[in-house]
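We begin with a single chain expressed as structure tokens, specifically the form predicted on its own.
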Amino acid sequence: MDGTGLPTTTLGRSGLEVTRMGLGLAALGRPAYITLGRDIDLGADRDRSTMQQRCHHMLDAAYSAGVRYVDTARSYGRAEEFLASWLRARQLGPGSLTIGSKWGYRYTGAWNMHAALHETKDLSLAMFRDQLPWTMGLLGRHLALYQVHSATLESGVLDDEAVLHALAELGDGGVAVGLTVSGPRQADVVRHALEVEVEGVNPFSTVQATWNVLESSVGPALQEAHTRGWGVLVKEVLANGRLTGRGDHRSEGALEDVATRRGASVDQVAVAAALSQPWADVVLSGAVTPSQLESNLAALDLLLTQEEGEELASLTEDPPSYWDRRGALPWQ
């Protein structure tokens, strides 16, 4: 526990102190995102000043609740900028909370909710050298973890010696280095990353992956990473809103059955399922309202039984089908 009452842990060999739950800014730094019910949560007014105020409000709520890990990225619109302005306004110094960001995607939505393309991917050394100074210019010594954003085998980033050396140099400079993964081959990417070496040393100390009761296939690979000393962060535990009251859980009765028996909401059960994984260090909340955050955090007190875990495992989907469905979600 820290002084706020939220449980804490050390994020693997990175040595970073983190709370078991963190706040992700993917849906708070830009006007459009692929979360069900976004129109209800945010309404029509999503200009920059309104979104900045909302982001600050959510950071205030999270900090007051004891959350001490915040996740952002270069491609999350102005999320890094909003976070930096919040840190200045609250006069919080480095170490007040642990911040992780990512490089490899560029935001191209131009603050247009109906943009044809909201982001583009580029995991080259040139992109790393372009994006790191922007992040450092905004966050400076607040930046504790810098991650490859959605590494894949096809991108070749894990075999790019120039990129790996640059990441190793960053790690030697005091910023922990990690990677995030996405898609039906997450497990393959994690296992490949575990074998990467730069002059005999693996530059990575953390991995962030999508895990939820619908898509749990990466679990064994995350256990391997955790056993090897990596910190593990879990994203999209609510499956972009599918595992909430707005999703299709009513056709997947196990989730609602457990929630009803435990007097909990479906999102709390879904978050608790992620928290119960022995390899999960940090579970990220993508909340955009204080009430959503409060509900997500309540999952810390919801300890699922082994039988309930097995019941929820019945919801697992075929990974390609899950990712096809995710890829079809509209930017709202």
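Each residue number is its position in the shown sequence, starting from 1. Note that the structure is a prediction, hence the values are computed from the model and not measured.
Only in words, not in the display: the form predicted in complex with a small molecule, which the text now covers.
Among 167, 79, 238, 99, the residue placing a heavy atom within 4.5 Å of the small molecule in the predicted bound form is 238.
For the options 27, 55, 272, 282, the one in contact with the small molecule in the predicted bound form, meaning a heavy atom within 4.5 Å, is 27. Exactly one of the stretches 59-67, 29-37, 274-282, 300-308 approaches the small molecule in the predicted bound form with heavy atoms within 4.5 Å, and it is 29-37. Remark: residue 74 does not count among the residues lining the small molecule in the predicted bound form, judged by a heavy atom distance of 4.5 Å or less.
In the predicted bound form, at least one heavy atom of residue 246 sits within 4.5 Å of the small molecule.
Shown alone here, residue 131 lies farther than 4.5 Å from the small molecule in the predicted bound form, counting heavy atoms only.
Taking the partner from the other structure, the small molecule in the predicted bound form has no heavy atom within 4.5 Å of any heavy atom of residue 152. Annotation: in the predicted bound form, residues 217, 260 and 317 none come within 4.5 Å of the small molecule through any heavy atom.
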